[in-house]
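One chain follows as structure tokens, the form predicted alone.
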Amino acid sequence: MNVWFSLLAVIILVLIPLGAVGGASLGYLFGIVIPYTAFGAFLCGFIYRVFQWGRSPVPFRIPTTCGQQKSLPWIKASFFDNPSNGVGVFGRMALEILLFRSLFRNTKVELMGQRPVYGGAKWLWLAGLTFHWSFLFVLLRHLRFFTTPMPSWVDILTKMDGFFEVGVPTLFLTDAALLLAVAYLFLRRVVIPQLRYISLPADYFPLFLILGVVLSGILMRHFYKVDLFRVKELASGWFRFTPVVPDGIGLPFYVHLFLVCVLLAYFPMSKLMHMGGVFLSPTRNLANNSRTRRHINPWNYPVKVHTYEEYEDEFRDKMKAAGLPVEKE
């Protein structure tokens, strides 16, 4: 049910620009107003979520550890798994962000008869790595639509991406890799019963949405051609804040653009915000140096105490009258 609900939502999103631009000629709305609104929602929402996370107090060191903590000199410490300084934390964060190290070390357990069997989950790591790196390359390639003149490194990246020159126009490797990775992540949720049981529309919807963005982009490049010069004219106008919607830009472009806008607006309120959250995770970005450095709880406030000397000064006469010993006569 969650799958069909999410799929239906994305299909409706595809139909909206088809009817609005193709039938009602609302090109200005879908070419200028909605992109600006979506980008504003993405920017404000992203900053708000990061600001909220940044305000969360972390009074103590709670790093995730997978190795020996630094302690006595003759005990070998784990530099990346249990870092005790900033260099180790930087290395752990770099390995986590660039190579998904924790996902690589992830394991799964299955029942083989009555016997639990532990194994790796490397396909998930490979699909996740392929998905994120391909998405990044696709985004960087799109800079050719927003920059004039186009940076040379974007041209080099584009040529590397189409190195095998398969088909005309060339099929980019990252397009195919991104499509396969998203398909794997979706099928994994549908095929594995345990994952299907815990999956919600919030898990399926971003996958369908990204799949729609990728498919519309591939269809637009290879089957339903659009005028790329007019696309670049519109994209350049966004950054100069003088956008003009050219005529004859092609209806598939509006479908692709609208899905991208929905993805941008949906991003800050979805699980996709792990892109920003990974940098603010105290279990990852804190050094485990609790044994070498005292960390004061920032919530500590001055506590008014009543010392014994003050107590005795206040009740000395009564204490002496009751026969209790006192320190001062």
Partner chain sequence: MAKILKPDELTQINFEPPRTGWMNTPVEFRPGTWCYSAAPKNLKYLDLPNPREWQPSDADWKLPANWKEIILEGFKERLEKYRSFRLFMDICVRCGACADKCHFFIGSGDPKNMPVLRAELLRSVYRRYFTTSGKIMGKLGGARELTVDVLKEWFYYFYQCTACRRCSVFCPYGIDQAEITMIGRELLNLVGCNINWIIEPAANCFRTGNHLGLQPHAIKDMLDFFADDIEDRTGIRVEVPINKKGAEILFVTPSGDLFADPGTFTCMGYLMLFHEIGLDYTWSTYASEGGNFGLFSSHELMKRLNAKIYDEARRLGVKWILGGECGHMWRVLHQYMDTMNGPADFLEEPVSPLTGTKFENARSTKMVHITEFTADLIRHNQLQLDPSRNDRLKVTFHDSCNPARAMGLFEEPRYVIKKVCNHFYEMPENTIREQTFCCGGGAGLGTDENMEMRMRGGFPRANAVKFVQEKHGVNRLACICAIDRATLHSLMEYWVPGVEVTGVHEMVANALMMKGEKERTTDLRGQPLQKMEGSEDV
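Just so we're on the same page, rigid core means the largest C-alpha set that superposes within 1.5 Å between forms. Just so we're clear, the structure is a prediction, and the values are computed from it rather than from any experiment. Numbering follows the first chain given and starts at 1.
As for the form predicted together with its partner chain, it is not shown, yet the points below apply to it.
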{"query": "Contact of residue 102 with its partner chain in the predicted bound form (heavy atom, 4.5 Å)", "finding": "yes"}
{"query": "Residue 170, heavy atom within 4.5 angstroms of its partner chain in the predicted bound form", "finding": "no"}
{"query": "Partner proximity in the predicted bound form: residue 37 to its partner chain, non-hydrogen atom cutoff 4.5 Å", "finding": "no"}
{"query": "Non-hydrogen atom contact residue 296 with its partner chain in the predicted bound form at 4.5 angstroms", "finding": "yes"}
{"query": "Partner-facing stretch of 136-144, 232-240, 190-198, 155-163, counted where any non-hydrogen atom is within 4.5 angstroms of its partner chain in the predicted bound form", "finding": "190-198"}
{"query": "The single option of 219, 226, 180, 124 touching its partner chain in the predicted bound form, heavy atom within 4.5 Å", "finding": "124"}
{"query": "Any residue of 294-329 that, in the predicted bound form, places a heavy atom within 4.5 Å of its partner chain", "finding": "294, 295, 296, 297, 299, 300, 301, 302, 303, 304, 305, 306, 307, 308, 311, 314, 315, 318, 319, 322, 324, 325, 327"}
{"query": "Core-superposed comparison between the shown form and the other one, residue 75 Cα displacement 2 Å or beyond", "finding": "yes"}
{"query": "Is_shifted residue 319 between the shown form and the other one (CA, 2 Å cut-off, rigid core)", "finding": "yes"}
